[in-house]
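To begin, one chain is listed below as structure tokens, in the form predicted alone.
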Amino acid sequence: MDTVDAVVIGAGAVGLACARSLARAGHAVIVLERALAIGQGVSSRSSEVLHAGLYYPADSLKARLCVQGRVQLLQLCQRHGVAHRLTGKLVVATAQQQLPALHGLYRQAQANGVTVALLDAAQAQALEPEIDCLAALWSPDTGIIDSQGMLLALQAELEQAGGLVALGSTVVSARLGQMHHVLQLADGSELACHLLVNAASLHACALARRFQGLDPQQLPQERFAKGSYASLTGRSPFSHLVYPAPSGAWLGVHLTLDLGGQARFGPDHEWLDSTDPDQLDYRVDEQRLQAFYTAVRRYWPDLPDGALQPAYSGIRPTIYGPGLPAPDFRIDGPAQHGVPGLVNLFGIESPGLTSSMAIGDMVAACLAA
């Protein structure tokens, strides 16, 4: 049986970032990925927004890692020529009852050290003339990024540091020990490692339940939420991102742009009954588009009939259910579960892409302690 210093399960943005950080810390690292290419799961179905860190409670992992990770991602983009643009974002209040939430978001952003400004309707419309709102929050540091280019850059830096990615390698279970862990792969082979990171995203909770030596009562229950997107036919009149004022854990149907300037709207929010990642349906139901028109016209009343078409969908690997507030990232290391050399990553949804490099550094530090 072969032995390697460190194994990361999952070659999405977070898994690659964790492996990169471990390799740069001097570990021999292999990333095991069940798909035949990197970033084919959650990372390939995001809105590609580079978040500033507005929404999350002060001192939470989401707040700290988003703010730190954004800076690291911008540096990664500069080193590798990854396409990105700081478009800025308007969070708009379209009704009086949304104004307290907008002002609360302003205070939260300030507590997180994020640059923001409160705008009145005229100031918001000076930036986006098509917008109808009472007030807005302006975030100049929000942007968009080529997520595939980002993934390739992370892989490049991982490989430059001596790490490897093994595609088509499915981990089915593991035997955890005090000195090393033994992984069982779908092809019947076994691989031993001293350090193990479970960054399997949609599969992370189910996989952790198949780790012998880990108390199942300490593991969260996964719950999947589907978010569908619609694209705008024709030219977009917008040059900035536009979000509605937040309501609960979901940020609402917002307007984002791709790097070519094409506008898309979403995601919406649909709780799924299934928690089997292999049985998920990513098709966008055209019947959901009517709700998009209703939501978008609250801040863009001139959205033409027939201007939206189904685009794509993503599934969020949440660890909470309907009506509950979104919890913080779960980065469970030895201090949480008592198993040396193991980190499980649970509930790494938005802003996971922006936070990925900071998560990687935190995981490496956790395993070095």
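One-based numbering along the sequence shown. Keep in mind the model is a prediction, meaning the values are calculated, not measured.
Not pictured, yet referred to below: the form predicted together with a small molecule.
- Contact between Gly341 and the small molecule in the predicted bound form is not found at the 4.5 Å heavy atom cutoff.
- When the small molecule is considered in the predicted bound form, Leu90 lies well away from it, no heavy atom lying within 4.5 Å.
- Heavy atoms of Gly360 never reach within 4.5 Å of the small molecule in the predicted bound form, leaving it off the interface.
- Contact annotation: Phe292 falls outside 4.5 Å of the small molecule in the predicted bound form, judged by heavy atom distances.
- For the small molecule in the predicted bound form, the listed stretch (320 to 328, 299 to 307, 41 to 49, 57 to 65) containing residues with heavy atoms inside 4.5 Å is 41 to 49.
- Candidate site formed by Arg85, Ser139 and Ala263: none of these residues places a non-hydrogen atom within 4.5 angstroms of the small molecule in the predicted bound form.
- Taking Cys133, Ala199, Ala245, Leu158 one by one, only a single residue has any non-hydrogen atom within 4.5 Å of the small molecule in the predicted bound form, and it is Ala199.
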